[in-house]
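Read the single chain below, which is given as structure tokens and is the form predicted on its own.
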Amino acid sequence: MAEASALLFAYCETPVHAGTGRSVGTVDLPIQRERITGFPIVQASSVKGVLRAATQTNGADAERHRALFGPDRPEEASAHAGALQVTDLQVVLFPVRSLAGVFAWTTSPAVLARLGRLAKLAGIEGPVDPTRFAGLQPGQCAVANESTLLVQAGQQVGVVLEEYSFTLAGELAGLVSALAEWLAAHALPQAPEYAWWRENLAKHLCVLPDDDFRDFVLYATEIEAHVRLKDETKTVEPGALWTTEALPAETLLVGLLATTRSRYDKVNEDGRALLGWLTSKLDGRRVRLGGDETTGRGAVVLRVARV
């Protein structure tokens, strides 16, 4: 049983392609998604591999690293299990093109309910009561009073995302501000270069009904076309045109880290001590997640929130 837990946030600085291999759909190389909701995820096995590589070390810390992740050598894999448990990364904020303010960070009541559930497991008070947003009707949204997303449409003020317009649920503005404050404190990187993002999160935050949010995460991802040219003619080789899907930059993901007492006989530490060491190695760290690293994809900043 886990003795300590923490929230792991991953902020995408460049598009992230955590793929599933070839598909027969409209995109040749789609990203990983949940089977039921269609929401984007990064599977736990990918996340754990990245964390393992990012914290690889020598000396005394090498034994602690082995206690967390298990033996490196396959022939020793049966010696003991690692103390670290990692969940899939789930989407929290998804950027969408906006008529005003350039882009909006969108989220939904179901996403916030999941975030609150993970926060509870980590012993952290959740951001807001997601049931307060349950009354959002199709075509409605909630933004903060100081939002830069607002546009005048005839006699009404609303928000236009992609080609879809949304009316305001004005009574929820204070709740959106509280949500932005929580995310800026717990989820966004705390480095100086992220000051603009923390200060402007409330102005760009938009809570949508679950169905509208699902449509954006399904159909507003980055789609890139790739070709391979013949050396002789510089024309496309037959069958060498394909498309890849990626999560857009400025997406925010969250998962859970949990640790048990060490099962490695050379490290006698409980889960809280092991999680503390792991947090010191990961919090604020830039890592690469998913594929296409050599073309700049997959740059994320990690944030670990724990009590």
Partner chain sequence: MRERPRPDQPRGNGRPPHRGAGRPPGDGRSGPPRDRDRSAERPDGERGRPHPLLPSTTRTFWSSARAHVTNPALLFDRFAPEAAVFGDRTDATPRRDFLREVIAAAERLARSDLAGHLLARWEATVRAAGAEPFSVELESRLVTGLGAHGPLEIGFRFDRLGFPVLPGSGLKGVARAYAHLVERRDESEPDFLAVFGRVPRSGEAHEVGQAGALVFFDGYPEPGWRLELDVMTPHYPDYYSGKEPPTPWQNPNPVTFLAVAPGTRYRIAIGLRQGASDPDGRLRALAAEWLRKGLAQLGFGAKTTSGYGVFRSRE
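Residue numbers count along the first chain shown, from 1. Since the model is a prediction, treat every value here as computed from it, not as a measurement.
Another form exists, predicted together with its partner chain; not displayed. Remarks below refer to it.
Its partner chain in the model of the complex is not approached by residue 82, whose heavy atoms all lie more than 4.5 angstroms from it. Mapping the unseen interface onto this chain, residue 88 falls outside it, with no heavy atom inside 4.5 Å of its partner chain in the model of the complex. At a distance threshold of 4.5 angstroms between non-hydrogen atoms, residue 156 is in contact with its partner chain in the model of the complex. Its partner chain is not shown here, and in the model of the complex it never comes within 4.5 Å of any heavy atom of residue 269. Against its partner chain in the model of the complex, the set 165, 221 and 226 is in full contact: each member has a heavy atom within 4.5 Å.
Stretch-level contact analysis of 130-138, 89-97, 173-181, 114-122 against its partner chain in the model of the complex, using heavy atoms and a 4.5 Å limit, identifies 89-97. In summary, among the residues 236, 185, 151, 77, the only one with a non-hydrogen atom within 4.5 Å of its partner chain in the model of the complex is 151. Contacts between stretch 183-205 and its partner chain, counted in the model of the complex as any heavy atom lying within 4.5 Å, involve 193, 194, 196, 197, listed in sequence order.
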